[in-house]
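The chain below stands alone, shown as structure tokens; this is the form predicted on its own.
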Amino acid sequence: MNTSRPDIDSPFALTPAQIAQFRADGYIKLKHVLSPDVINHYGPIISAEVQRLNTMHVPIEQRDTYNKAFLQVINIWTKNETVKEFCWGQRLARMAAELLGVRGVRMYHDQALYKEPGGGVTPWHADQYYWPLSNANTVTAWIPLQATPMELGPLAFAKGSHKFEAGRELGISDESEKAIGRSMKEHNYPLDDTPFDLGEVSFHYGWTFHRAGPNTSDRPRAVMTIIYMDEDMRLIEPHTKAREGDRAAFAADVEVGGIMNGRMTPVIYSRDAA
């Protein structure tokens, strides 16, 4: 282990009850996953890269709903060695594998989601709408780089909604916010809409419906995400424009039907190698 950096590799002791809760609810929020030292070390570097790489310069009031929700910068790990070090940290990757119940995980991609002051809601959606992947063994680690009170727009989840299929055909939009929100209420999926402490991290399945409120504060909501998938995941035919875009970005060198073992989707943690 590299002792010159904060600890992002030692195991986090997940309990059987926490793993069962994740699988039943479709998500879990866990406190004290990352230390203040980790956040203070990597957070400013990630934020600087978001500012450097961001291509959205249209004023918020002139943007559509998707682009009002957040500044989105993807695959930062390929552009900065320190961010790569963070994204390849063994603690989060091992947690992802244990929550999913798989031997190991690949990184599908990283994604910074910065909600600017005055940024709008992130509409209801399920991430896997965008992903041409063969099964549901996917999980997103949502990593706030500061404590995230309600005014910053923390992530909110519909408990148990990863088992609900209606609405999976909707991308992030005004339509998804209305239709999925209505459906979650009609089918009595409880809403978990609570703040995040510093160092608290959530994990949610690719098919778990979630949203975030607006940022009504005067400072940005800085969040890094890492999307993990079963190391044996396969690429399926991308039948939508969104999935075609993801295939081009993350799996251009993978054959349809083949394991997602391309240049952009490395194995981050494997029990066999640990």
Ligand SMILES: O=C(O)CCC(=O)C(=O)O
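Start at 1 with the first residue shown and count on from there. Bear in mind the structure is a predicted one, so any value in this text is a computation, not a measurement.
Here the subject shifts to the form predicted together with this ligand, a form of this protein not shown in this document.
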Review point. Does H210 make contact with this ligand in the predicted bound form, using a 4.5 Å heavy atom cut-off?
Key: yes
Check your understanding: Is there a heavy atom of R106 lying 4.5 Å or less from a heavy atom of this ligand in the predicted bound form?
Key -> no
Practice item. Please run the contact check for W142 against this ligand in the predicted bound form: heavy atoms, 4.5 angstroms, yes or no? Key: yes
Check your understanding: Does this ligand get within 4.5 angstroms of any non-hydrogen atom of F70 in the predicted bound form?
Key -> yes
**Study point:** Of L100, M184, L155, C87, the one that lies within 4.5 Å of this ligand in the predicted bound form (heavy atoms)
**Key:** L155
Exercise for review: Answer with one of T122, S176, T148, T138: the residue that has a non-hydrogen atom within 4.5 Å of this ligand in the predicted bound form.
Suggested key: T122
Check your understanding: Just one stretch in 57 to 65, 217 to 225, 237 to 245, 33 to 41 has heavy atoms within 4.5 Å of this ligand in the predicted bound form, so which one is it?
Key -> 217 to 225
Review point. Relative to this ligand in the predicted bound form, which residues of 96 to 130 have a heavy atom no more than 4.5 Å away?
Key: L113, K115, T122, H125, D127
